[in-house]
Structures are given as structure tokens and as C-alpha cells.
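Take a look at this single chain, the form predicted alone, given in C-alpha cells.
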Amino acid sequence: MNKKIELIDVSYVYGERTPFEITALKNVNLNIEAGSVTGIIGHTGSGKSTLVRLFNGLERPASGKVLLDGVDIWEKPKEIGKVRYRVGLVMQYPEYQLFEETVAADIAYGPKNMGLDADAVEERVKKYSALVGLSEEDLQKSPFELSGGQKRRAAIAGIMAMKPEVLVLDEPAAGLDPVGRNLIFDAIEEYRAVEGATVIIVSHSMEDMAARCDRVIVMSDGEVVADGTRDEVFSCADKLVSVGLDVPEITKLAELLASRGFDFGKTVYTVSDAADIICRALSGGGNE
């Protein structure tokens, strides 16, 4: 496995050595494979948001190491800013961080800080705004004139415009309708395909994890309690329920149909998989 990010015995403590001390992560060990789409799931307070802030040095572990391409990101603390260009973090509700006069200026902010010349900055603004589905007209507007979904896409484009090797997104589709969710996730997938990037997605949505991720990491009480392919993790329904999660709703429906005589031939985790199997069955093509 080509490891892009590796955590070795990482712990993180809030309010260390105070009466309010809370251990958010406990001896976490994990590897993120280069070019993969990895989902991180867990109930509120499980440590998943703290975990992803360690990936680009927004937080520093109390103990243990965070490696990027095999190098400890804190080996040279004064150069941690370079890591943040390589590992782009889109925090939850990033639209609240928009602040420039125009959408174009907001997307340009990161590339400008990287020291790129005006032509290179303009090229990136055009490329990544188009990738997330924003028009040239949108670019000239104030960010506050955009819809909620457009603001979210503009904020994500601003991170993409720095061309990070690793794109980390904390609940990127939270609060969006199904159309908005698909626009966000399609843009993320296109970015990965075009740039060859590694993608890490934090989400509460089991459906999003099932449809979009190659691999799933489950967090509970600051620890990794499951780590494997989508099918490996989602097949352990009892373990997921024990940490406050569940399998996708379509999986439950498929199991109900199976109990009434419709054999899917395999465990179903996404709506598209279920639809394909049902359509084949109705057309006489049989099940897998």
C-alpha cells in the first residue's frame, strides 16, 4: 500500500493539565492510501473532526506522529504552512468563512498566498469554479448573493484552487438538499480524477459513505473501532449500532425485501445498486 498519510500512536488532549482536560484521541494508528477516497464516520464527540485537523497541522498531537509521504509533518514546525497547502481542509460549513468582495476574489485568496502570479491565479479561479459548477457571472457576485449550496461550492473551490495533494472535507454536504449534495460530491470526485488527489470525507451519512468511499474508518470515543472496505465495515451492523451508527436505509429495505422472497444475491449498500438489481429482475435478467 502506498501510504499518503500515516498516524502512529497519536493522542490529542483538549485543555491539557487543566480541570477541563478531555482526551479526544487515544493512541490512534491508521494509514490513508494515496489516491483513495476514505470516509470517516462516528457519532458526535467521537473524535473524527479533531482527527482530520491533525492531518494538515491545524492541531498538533499530544503524542505520536503524523506522517505525510513518510515524513513527520512536525519535523520542521516553522514549515507547517507548507503542509497546509499540500493537505487542504474544508471545515464544516465553510461558507461562513467567505469574506472577500467577490466570489472570484475569495477563490483566489489561497493561490495568491502561495505566491502565484496573477495569470496563474486567474487560471485556477476559472478552472476550479467551473469544476464546482459556478458560472463566470457567479464569480463577479458578492459571496453573500449566492445560495447556500453555491456558497459551499465556492468555499470548496477556494481550497481546490490551491491544488492540494490531499483534500479533506468535514461534512461537505451537511444541510444540503439531494441535488446540492450530488453537485458537491460529483465535484469532489472530478477533482480526485483530474488531480490524482487523495480524498478524505467526514460524514454522518451512511448513504454518502456507501456511495462515495472506497474505505471507511469508524471512530468512537477517540479510537478507531473499525477500518476496512465499505463492504467489510457495513457488514458489521451490530458493531455500528453499538457505537451509535447504523447501516444505510437501503440496506434495511433490501433485507426486508429478501425476507419476503426477493433475493438480491448480495448485500446492498447504495440506492443505485438496488435499482440495478431490481430493474434486471423485472426485465427477466435475474439477480447477481
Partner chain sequence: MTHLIETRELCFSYDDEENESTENKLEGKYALCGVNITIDKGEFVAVVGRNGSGKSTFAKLLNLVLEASSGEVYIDGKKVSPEMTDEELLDLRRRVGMVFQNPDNQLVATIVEEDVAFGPENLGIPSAEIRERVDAALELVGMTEYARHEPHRLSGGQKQRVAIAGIIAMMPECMIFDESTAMLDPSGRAEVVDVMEKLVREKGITVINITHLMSEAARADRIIVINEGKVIGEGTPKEIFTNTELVRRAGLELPQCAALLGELRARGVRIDGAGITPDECADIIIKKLQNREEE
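Under this definition, the rigid core comprises the largest set of C-alpha atoms superposing within 1.5 Å between the forms. Residue numbers count along the first chain shown, from 1. All of these numbers come straight from a predicted model, not from anything done at the bench.
There is also a form predicted together with its partner chain; it is not shown, and the following applies to it.
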**Asked** Among 237, 225, 250, 30, which has any heavy atom within 4.5 Å of its partner chain in the predicted complex?
**Response** 250
**Request:** State the residue from 193, 120, 71, 179 whose non-hydrogen atoms include one within 4.5 Å of its partner chain in the predicted complex.
**Result:** 179
**Touches its partner chain in the predicted complex: residue 244 (any heavy atom, 4.5 Å)** = yes
**Prompt:** Does any heavy atom of residue 281 come within 4.5 Å of a heavy atom of its partner chain in the predicted complex?
**Reply:** yes
**Message:** Can you tell me if residue 77 lies within 4.5 angstroms of its partner chain in the predicted complex, counting non-hydrogen atoms only?
**Reply:** no
**Request:** Report whether the minimum heavy atom distance between residue 207 and its partner chain in the predicted complex is within 4.5 Å.
**Result:** yes
**Message:** So if I measure heavy atom distances to its partner chain in the predicted complex, which of the stretches 250-258, 229-237, 63-71, 32-40 falls within 4.5 Å?
**Reply:** 250-258
**Asked** Along 78-108, which positions have a non-hydrogen atom within 4.5 Å of its partner chain in the predicted complex?
**Response** 93
**Prompt:** Do you see a C-alpha shift of 2 Å or more at residue 276 between the shown form and the other one, with the core held fixed?
**Reply:** yes
**Prompt:** Any idea whether residue 179 and residue 278 get closer or farther by CA distance in the predicted complex, knowing it moves 3 angstroms or more?
**Reply:** farther
